[in-house]
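We begin with a single chain expressed as structure tokens, specifically the form predicted alone.
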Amino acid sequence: MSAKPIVMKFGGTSVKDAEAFQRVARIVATQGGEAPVVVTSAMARVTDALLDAFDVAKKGDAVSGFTSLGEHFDRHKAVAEELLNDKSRKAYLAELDLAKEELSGLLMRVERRSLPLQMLRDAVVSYGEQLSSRLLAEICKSEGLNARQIDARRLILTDDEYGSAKPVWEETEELIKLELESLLENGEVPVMGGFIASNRAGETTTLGRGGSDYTAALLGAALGCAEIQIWTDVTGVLTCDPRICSEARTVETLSYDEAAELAYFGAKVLHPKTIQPAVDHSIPVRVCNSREPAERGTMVLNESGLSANRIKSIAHKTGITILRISSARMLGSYGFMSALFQIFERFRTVIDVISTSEVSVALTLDNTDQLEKVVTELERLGDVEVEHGNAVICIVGEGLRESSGLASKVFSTIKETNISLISHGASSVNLTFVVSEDEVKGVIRKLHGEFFD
């Protein structure tokens, strides 16, 4: 290859209809450079529809589950009929019919529970990416690209943790190089679905929601790419959620650390797993808008420098639950925190924010699936108080910890707001606090007005 490849990942809203598919193909043709590798999510709303169909089948009605997918099959068919020539259209529609048969059979297996449900769930949900990648490959060909669909399950090898599988990196790296390097050298454009993978037994696994970004990062790391591009429906990472504050604007550059914090605490354009492979191999990540491809977007680099006011962006997560554990046993003792963390590890529950005093611990959770069991175990350690309906706000920027007076300015700006929990100093790039969910929009608007307007 005369140039390092570029991985271009397109999200579901970038491939939601015929116009969007055609726009993506033209972006690849004009901005993909000499060696583009394309990763696509499922068409918008298709993953959710497949999960809903699975749930209906699990309750004993596979026929209704399959019937509910009809409109989404029709959406794929409509795009093919509008954009593909006769030969390509017939080939794609034949594959669509085969996918329907296979999905019908899988949903019937779900109803009968003839295989482990988590395994069947991954198999069902994988069809979104399978169908969109084949369709995009054909549309890219119609735009003059030498495109070829590649099944990502042949490249990404994972463990057996269905629903959120972890790649086996060394073997995945070898498979990616073996499969793709010769194609790129021959001028072909690989097009594949993100999110999906397989285990050593050849069974379909998935990388978790948002896993298409992870697929792109794995490909970029294995191929030594010049850049990983994440194409979505907003122009880069914004200073806050534009649905809350219409004055939100694009952040030009972020460090890996800043991007990871924003992703974890609610920014929708980057998946947290995307960051690590890029960090490990020092690969720039660019977040772009497929509706405005001429815009630069946000570059995520190893170092981004300080902003004028130290703050780059404000992220938030709602639906947060606070747990407060109080026990006199904590006073002057050791081993208490270890016992506490072991409970969360046992129930695979992630802690977001934590604060401690001499005799109590306060922490936040956004996943409460195992809350009842967790609380039961925590009550062995002390008194437990549960408070629902909160939101985490995370202010991100290089040098926050060393910026004298900044925390004072933040909290004086929102002095009328009750703050339930504060975390500052654990990271040099974030200041995190918890407020009532009812107040989160007002708080973000005040902070954005103070620091950005």
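When you see a residue number, it is the position in the sequence shown, counting from 1. Nothing here was measured: the structure is a model prediction, and the numbers come from that model.
Although not depicted, the form predicted in complex with ligand ASP is the subject of the following passage.
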ask   = Looking at 202-210, 137-145, 342-350, 161-169, which one sits within 4.5 Å of ligand ASP in the predicted complex if you count heavy atoms only?
value = 202-210
ask   = So in the predicted complex, does any heavy atom of residue 127 sit within 4.5 Å of ligand ASP?
value = no
inquiry  = How about residue 41 - does it come within 4.5 Å of ligand ASP in the predicted complex, if we only consider non-hydrogen atoms?
reply    = yes
ask   = Is residue 68 close enough to ligand ASP in the predicted complex to count, meaning some heavy atom within 4.5 Å?
value = no
ask   = residue 92 near ligand ASP in the predicted complex, any heavy atom under 4.5 Å?
value = no
note = If we test each of 420, 47, 427, 403 for a heavy atom within 4.5 Å of ligand ASP in the predicted complex, the one that passes is 47
